[in-house]
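The chain that follows stands alone, in the form predicted alone, written as structure tokens.
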């Protein structure tokens, strides 16, 4: 079976799993009353949110917070992770604090962020950064640490400068780890966006979820949750494409 057939088979299995999920959802919801809206009711409510413009407005508002926070996390987390791994003294001084901060639930920091920055855009972005930056930073750090010594020795034997060493060995080898961290960062940024909108100021997708919960609109809440899940899967799929594009050389190295 060639790669095209494999791809077609995977897509077929994926579509079949979605159909099975929809059928199971519909059947299970029949016995739960209003607690769990059916698949058809959720899709109908989703169509209403799209047609009246509520979903588009909410996604625009939340998307700005999400993308800004995720972008800052990437710009800071990736280079910091590389620096931490390549300079042992910096790692020894700061690594413990990185893991300690990562272990703190972000929701416990919301009151401090609120008192310092209020309810504005900056406060929400800070919440997103705090939920997204640590997986990205730690994955980049572990990736740079895992570079085989033999690769560094070969680069040195060919007279590579420090800049060439980073550009030709360290950064390319770290890409798969960085992509893994980015996937975790995307999930964290989505969670951070919802936390920020629920606890700092009800806007965007968070506002839709609050209103759906207040009005016992389970179909609306499920519709919004489904959209968030689809966006997360799509973004992680893009991350996978980036990984295959820039880290395919490692497959040959491992053979």
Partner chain sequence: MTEQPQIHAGAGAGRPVSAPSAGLGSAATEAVPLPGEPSGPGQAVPPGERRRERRRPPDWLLRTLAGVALLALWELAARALGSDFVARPTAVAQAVPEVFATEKFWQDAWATIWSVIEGVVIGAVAGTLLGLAMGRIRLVRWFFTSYVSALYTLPMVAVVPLMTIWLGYTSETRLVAVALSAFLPIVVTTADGSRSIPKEYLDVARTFRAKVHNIWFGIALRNAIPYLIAGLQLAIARALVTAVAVEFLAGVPGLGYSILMQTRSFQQNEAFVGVVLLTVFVVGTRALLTLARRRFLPWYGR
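Numbering follows the first chain given and starts at 1. Note that the rigid core is defined as the largest set of C-alphas that superpose within 1.5 Å between two forms. Since this is a predicted model, take the numbers as computed values, not measurements.
Beyond what is shown, the protein has a form predicted in complex with its partner chain; the following relates to that form.
- Mapping the unseen interface onto this chain, residue 222 counts among the residues with a heavy atom inside 4.5 Å of its partner chain in the predicted complex.
- In the predicted complex, at least one heavy atom of residue 214 sits within 4.5 Å of its partner chain.
- Within 4.5 Å of any heavy atom of its partner chain in the predicted complex lies no heavy atom of residue 160.
- Though the partner is left out of this view, residue 73 does not reach within 4.5 Å of its partner chain in the predicted complex, counting heavy atoms only.
- Of the residues 58, 194, 41, 49, just one reaches its partner chain in the predicted complex with a heavy atom at 4.5 Å or closer; this is 194.
- Contacts with its partner chain in the predicted complex, taken as any heavy atom within 4.5 Å, map within 174-213 to 177, 183, 184, 187, 190, 191, 194, 195, 198, 199, 209, 210, 212, 213.
- A displacement of 2 angstroms or greater separates the C-alpha positions of residue 216 between the shown form and the other one, with the rigid core held in common.
- With the core held fixed, the Cα of residue 226 is displaced between the shown form and the other one by 2 Å or more.
- With the core held fixed, the Cα of residue 62 is displaced between the shown form and the other one by less than 2 Å.
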